[in-house]
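First, one chain by itself in structure tokens, the form predicted alone.
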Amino acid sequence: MSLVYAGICSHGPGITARADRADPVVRDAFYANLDKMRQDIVDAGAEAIIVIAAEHFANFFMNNMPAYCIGMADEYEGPIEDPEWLKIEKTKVPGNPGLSKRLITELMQTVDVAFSEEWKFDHGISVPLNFLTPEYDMPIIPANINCQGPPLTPLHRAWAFGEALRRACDSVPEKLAIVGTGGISHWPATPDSGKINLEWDQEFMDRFKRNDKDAMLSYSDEETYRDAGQGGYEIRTLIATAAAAKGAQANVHFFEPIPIFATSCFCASFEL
């Protein structure tokens, strides 16, 4: 088995940009669990991390919006946001183009994916990496699912992408970690920014920790938009990670709404 770790975490920009305004007790508990994720990835012996994320019009826009795209670069740069605002310095992040190419080649046996040799990370990847690889000393393979511009990939296709990614991981000798990162209910860049639908979040996380495929795939985009905002579309990254875990149960290590971060924050990992 080449997949040695699979987990999920939040990626909201407020996690770093507004850290000083959060309840320190809850914030520090969240940070501690992110650090535990970092150590668990190291302890698992991972040689590279595949980050399944939803990028926010930093690289792709409506003139070219792939449903799925995987990075195949020697290195990546990020964050694209103002580092004084995000409170993460711009840096170069190592990739592994040879490994990426082998994974993409295997993925294409069952799903169609785009690839890119140029990629600028936004907070969707830069915030998690700030905690999970603070020294930027592990190769990163970004995998983007379009969660921004409709028409969006159906949830069952996000599941199929996760299954294909697991098959690709199992086809290579390197030990790999997968981290899915997104949000649950949130309304970014709208008058409702900061709103959290805790009941909806709790229900989704319950389905997720049981790795209940049918329940996770039962959401419609209309229902998600109504109850969880346009940010709720990012559950695709979490669903793909659950699929890559092949039905394994998840342990939710942290789950709390942090209003100043504009989302419920979470860390969870699967028992592979």
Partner chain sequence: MSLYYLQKVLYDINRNEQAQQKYRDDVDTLLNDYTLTDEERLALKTPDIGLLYVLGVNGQILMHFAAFHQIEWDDYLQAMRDGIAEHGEVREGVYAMTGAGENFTIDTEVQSD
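Positions refer to the first chain, counted from 1. All values derive from a computational prediction rather than experimental measurement.
The same protein has a further form, the form predicted in complex with its partner chain, not shown here; the description that follows concerns it.
**Student:** G194 versus its partner chain, in the predicted bound form: is there a non-hydrogen atom within 4.5 Å?
**Tutor:** Yes.
**Student:** Using heavy atoms and a 4.5 Å limit, would one call Q109 a contact residue for its partner chain in the predicted bound form?
**Tutor:** Close contact is absent here: in the predicted bound form, Q109 is far from its partner chain, nothing within 4.5 Å, heavy atoms only.
**Student:** Is there a heavy atom of D82 lying 4.5 Å or less from a heavy atom of its partner chain in the predicted bound form?
**Tutor:** Heavy-atom contact with its partner chain at 4.5 Å: present for D82.
**Student:** So in the predicted bound form, does any heavy atom of P188 sit within 4.5 Å of its partner chain?
**Tutor:** Yes, P188 sits close enough to its partner chain in the predicted bound form that at least one of its heavy atoms falls within 4.5 Å.
**Student:** Could you check which residue among T224, N59, N211, N33 gets a heavy atom within 4.5 Å of its partner chain in the predicted bound form?
**Tutor:** Answer to the contact question: N59.
**Student:** Which among 238-246, 224-232, 202-210, 34-42 is in contact with its partner chain in the predicted bound form, heavy atoms within 4.5 angstroms?
**Tutor:** Of the options given, it is 224-232.
**Student:** If you look in the predicted bound form, which residues in 7-40 sit within 4.5 Å of its partner chain (heavy atoms)?
**Tutor:** In sequence order, P13, R18, D20, R21, A22, D23, P24 come within 4.5 Å of the partner.
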